[in-house]
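Just one chain follows, in the form predicted alone, and it is written as structure tokens.
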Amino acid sequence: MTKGFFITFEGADGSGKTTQLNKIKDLLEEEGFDVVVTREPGALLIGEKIREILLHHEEHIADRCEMFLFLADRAQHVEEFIKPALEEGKIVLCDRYTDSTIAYQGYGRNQNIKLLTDLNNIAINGMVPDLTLLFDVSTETAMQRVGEEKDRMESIGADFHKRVRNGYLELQRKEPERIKLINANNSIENVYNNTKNIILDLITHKEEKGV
């Protein structure tokens, strides 16, 4: 592989995306690929501080403040971690990225989608994923999986999380080539097999083209 490959994992809290990301990491390393795993928010030291505010701050955070905190974390993340890793030819597996901002702050918080998209584009500076995996699960199932101990975002009501899910599905309908929909209501192993097949097919195709 002459250039890196950037894969993002998206979905509601409780969708199982992080479990699948870790399983895919193990698979790709067994196949001999150089893989790095990261997340948003909180991949870097500055991001850890932002993550603590976003997920555990007890006082009110204005919606626009929340939005800019996520975007600030992303801008630093791209420049300091994602871009260098891809330039070194690594496969980057990222737990959440731009689509989370559109789904949560756009559809969930009812903020301006076009504005969010424009701000996202500034933050990522052209660093668009080669592939995004959307793990779709019913809101009821997702909330059950999360359990009783919830962070600030997980604690928002069911109506919010239903809007988030619908937002994700709308994004997938708009970009079906980049965003692949995976039914995360199935067993972990069935979801893994679907995920594995999509990723290996696309990586193999990219290698064959020599890009």
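This structure is a prediction, so every number in the text was calculated from the model and none was measured. From 1 onward, residues are counted along the sequence shown.
In what follows, reference is made to the form predicted together with a small molecule, a form of this protein that is not presented.
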query: Site test, 74, 117 and 165 vs the small molecule in the predicted complex, non-hydrogen atom cutoff 4.5 Å; finding: no
query: The small molecule contact at residue 96 in the predicted complex, heavy atom, 4.5 Å; finding: yes
query: is_contact(residue 193, the small molecule) in the predicted complex, heavy atom dist at most 4.5 Å; finding: no
query: The small molecule contact at residue 49 in the predicted complex, heavy atom, 4.5 Å; finding: no
query: is_contact(residue 180, the small molecule) in the predicted complex, heavy atom dist at most 4.5 Å; finding: no
query: Interface segment, criterion being heavy atoms within 4.5 Å of the small molecule in the predicted complex, picked from 182-190, 169-177, 63-71, 28-36; finding: 182-190
